[in-house]
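Two forms of the same protein chain are encoded below as C-alpha cells; each is given separately, as structure 1 and structure 2.
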Structure 1
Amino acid sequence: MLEQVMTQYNEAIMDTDRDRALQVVHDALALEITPEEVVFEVVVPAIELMMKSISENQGVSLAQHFMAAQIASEVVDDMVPRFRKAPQIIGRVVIGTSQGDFHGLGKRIVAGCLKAMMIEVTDLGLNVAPERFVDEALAHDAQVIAISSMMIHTARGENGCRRVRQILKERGVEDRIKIAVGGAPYRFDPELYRSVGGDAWAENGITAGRVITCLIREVRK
C-alpha cells in the first residue's frame, strides 16, 4: 500500500500536479498510513528522486523541482502537527537572498527541501541586509545563516556574505552560527564560497539539507 502511495505521489510531482499530490497524501491518511510515513517514506524520497533525476540529466525541469519543494513544504506543515510524538528538529536556519538580489526561486526550493528534512526554516525573503541576517539568526537561535546569490556581484559584494561574516566576528558569535551559501555563481566557481567568507556551499536543495545538517552538528557538538 505504501509503495503504491509513493508511486502515485511521485507521478503527481513529475506532472507538477499539486492538487493530485495533496489528494494522494490525504487518501493515504484515510488508509491509515501514518503522517510520519507520509513525510519520511513518501515526501523526502520523492525530493531525493527529483534531485537524482536532475543530477543524471533525465530531463527534469526547474518547474518540477520547484513544485516538488513547494509541495513538500506544504505537506510537512500539514503532517507534523499530526505526528504521534513531536518530531525532533535537527536545527534552525535563517535563509534569504543577499542584499541587492531579488531572485527568490532557488531560495524557495531550498527552504522547501530543508523543512521536509526536519530543519526549522525562517525565510527572510529577498534583498536581505547583512545585519538582518545576523539579528534574525540570533533571535531564532539559528545555527546556520543560508544566503542565496544568483548574480556574481551580489555573491562577491560587500553587503553579502563578506559583511555577514564580519558582523559575526564583531559580535563574537562565529562559533555559534555558520554560513552556507548557494546560487549560480558558486556553481561556476566552487571555491568562491571560501573567498566570500562562507563555511560551505550547496548546489541544490538536497545538497543544502546535507550540508546544513553537517554545519548544525558542528555548532552543537
Structure 2
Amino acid sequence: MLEQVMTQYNEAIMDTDRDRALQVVHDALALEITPEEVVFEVVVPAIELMMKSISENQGVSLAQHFMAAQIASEVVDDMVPRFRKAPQIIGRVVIGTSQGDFHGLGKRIVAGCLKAMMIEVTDLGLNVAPERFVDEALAHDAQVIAISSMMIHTARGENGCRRVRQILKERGVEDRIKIAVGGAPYRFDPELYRSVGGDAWAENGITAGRVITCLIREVRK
C-alpha cells in the first residue's frame, strides 16, 4: 500500500500537480498510513528519486524542482505537528542570497528540500551582507551557511562567499561552520566554488539537500 502511495505521489510531483500530491497524502492518512511514514517513506524518497533522476540526466525541469520542494515543505509543515514525538533535527542551516543578488527562487527550492530532510532552516532573505551570514549562523548554532548567487559578479564579488570565508577565518570558526554555494554561475564553472572559498556546491536546489547534509555530517563528526 505504501508503495502505491509513493508511486502516486511521485507521479503527481513529476506532473507538477500540487493538488493531486496533497490529495494522495490526504488519502494515505485515511488509510492509516502514519504522518511519520508520509514524511520519511513518501516525501523524502520522492526528493531522493528526483536527485537520482537529475544525476542520471533524465531531464527534470526547474519547475519540477520547485514543485517538489514546495509540496514537500507544505506536507512536512502539516505532518510534523501530528508526529507521536518531535522529529530529531539533523542539523541547522542559514540560507540567503549573496549581497547585491535579488534572485530568491533557488534558495526557496533548497529550503523546502532541507525542511523535508529534517534540517532546520533560517532564511535570511535576499541581498545578505557577509557579516550577517556569519552572525546568524553563530546565533542559530548552524553547521552550514548556504549562499545562493544567480549572477557571476555576486558569486565572485568581494562581499559574497569570499568575504564570508574570510570572516569565518577571522573568528576562528571554520571547523564549526561550512559554506555551501549554488546558482547559475557555479553550473557554468564547476570549479568556481573553490576559488570563492566554498566548501561545496550544488548544481540545483534539489541536490543541495544532499550536499548540505554531507557538510552537516562533516561538522558533526
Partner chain sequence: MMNGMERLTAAINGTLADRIPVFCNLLDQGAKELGLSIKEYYASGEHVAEAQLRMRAKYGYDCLWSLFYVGKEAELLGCRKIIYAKDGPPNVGEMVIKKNDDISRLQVPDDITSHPAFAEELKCLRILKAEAGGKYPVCAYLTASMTMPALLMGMEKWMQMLMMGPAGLRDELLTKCSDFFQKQVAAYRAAGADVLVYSNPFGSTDFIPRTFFDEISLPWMESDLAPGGTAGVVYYCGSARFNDVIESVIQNLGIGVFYLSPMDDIAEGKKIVAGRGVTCGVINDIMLLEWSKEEIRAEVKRMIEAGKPGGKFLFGTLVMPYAIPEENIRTMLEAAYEYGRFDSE
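Rigid core: the largest C-alpha set superposing within 1.5 Å between the two forms. Source: prediction; values computed, not measured. Residue numbering: structure 1 sequence, from 1.
- In this comparison, the chain shown as structure 1 is the form predicted alone.
- Treating the motion between structure 1 and structure 2 as two rigid parts, with each C-alpha given to the better-fitting one, puts P45 and Q99 in two different parts.
- Rotation of the smaller rigid part against the larger between structure 1 and structure 2, from C-alpha superpositions: 15 degrees.
- The Cα position of Q64 changes by 3.6 Å between structure 1 and structure 2 once both are aligned on the rigid core.
- Once the rigid core is matched between structure 1 and structure 2, the CA atom of T16 is found 4.1 Å away.
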